[in-house]
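Okay, so here's just one chain, in structure tokens, the form predicted alone.
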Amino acid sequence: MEWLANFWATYSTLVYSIGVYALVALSIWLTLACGLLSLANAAFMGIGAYVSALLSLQAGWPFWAVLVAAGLAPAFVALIIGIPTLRLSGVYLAMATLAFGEVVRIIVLNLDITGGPEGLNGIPQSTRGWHIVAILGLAIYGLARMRRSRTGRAFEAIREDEVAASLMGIHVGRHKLFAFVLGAAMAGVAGGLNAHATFFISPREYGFENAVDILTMVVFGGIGGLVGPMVGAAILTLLPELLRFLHEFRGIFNGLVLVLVVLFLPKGIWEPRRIRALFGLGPREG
């Protein structure tokens, strides 16, 4: 199977990126499921990437241990900032979490241990395809179970109406904080996988542009279920390779995609009822 070996040698990094960004997209989906418009997950991904890379390079930790640390470090940070920040909602929360992401980026730019603007080189390439598949599969299974649990129903109630959810006895603040922290942990693990797959990381990978890209993936795919964010992540990770001539305009292109989807496909491209109707498997929506 020489063609397969050649394909994998050429596109393995791209395939890994699809899996990594599918995991990050699910972390954003989790916060949106609880009604939180957070733009901090790119920063959490960066924290996980840098913590795992530094532990590998400076302390020689084994790969499984640095992945655990990559999840715990941003989860702890999310717990600290989430207690005061999650009192906000809507665009104010988005602005606050975006500001947090910029603070993280500036700190990384000015620390010698992180390599400053030059980033970190020589990170052990420990990530394998089965690592990404196993962790992504575990995340999908856990989130699917959670959707059907009391916590998932509480998330849905909070997203629809916080006041009504509170009157029903749901602790709104506690559930929001749980979604925020768990989403941060997932993004951090994705960052650790990414750092140990690409050999090199820099602050540019986890700034404002990356935060918008991740949000675009989720909105483009659809937030009605777990499949949509992963479909959006796969398509928007592949598109830059297919449209390399638009590389310099990627930010504009993603912004245009986001606007068009919000206007014409508010539930994303992966909307189960519309797909069933398209193939004659169920009634069309009114």
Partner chain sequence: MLCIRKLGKHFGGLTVLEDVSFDVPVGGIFGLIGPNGAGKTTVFNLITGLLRPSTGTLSFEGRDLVGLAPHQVTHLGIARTFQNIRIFKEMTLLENVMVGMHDKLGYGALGPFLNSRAFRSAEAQGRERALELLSWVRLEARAEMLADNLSYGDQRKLEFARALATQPRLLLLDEPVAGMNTAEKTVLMEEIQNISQRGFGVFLIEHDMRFVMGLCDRIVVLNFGRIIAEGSPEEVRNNPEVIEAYLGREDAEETV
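Positions refer to the first chain, counted from 1. Predicted model, so just to flag it, every value in this text is computed and none were measured.
Unshown form predicted together with the partner chain; subsequent notes refer to it.
In plain terms, the part of the chain that comes close to the partner chain in the predicted bound form, with a heavy atom within 4.5 Å, is 162 to 170 out of 115 to 123, 162 to 170, 95 to 103, 204 to 212.
Checked against the partner chain in the predicted bound form, the candidates P84, G129, G142, G90 yield a single residue with a heavy atom inside 4.5 Å, and that residue is G142. Checking A185, A154, L136, V108 against the partner chain in the predicted bound form, a heavy atom within 4.5 Å turns up for just one residue: A154. The partner chain is not drawn, but in the predicted bound form it has a heavy atom within 4.5 Å of M146.
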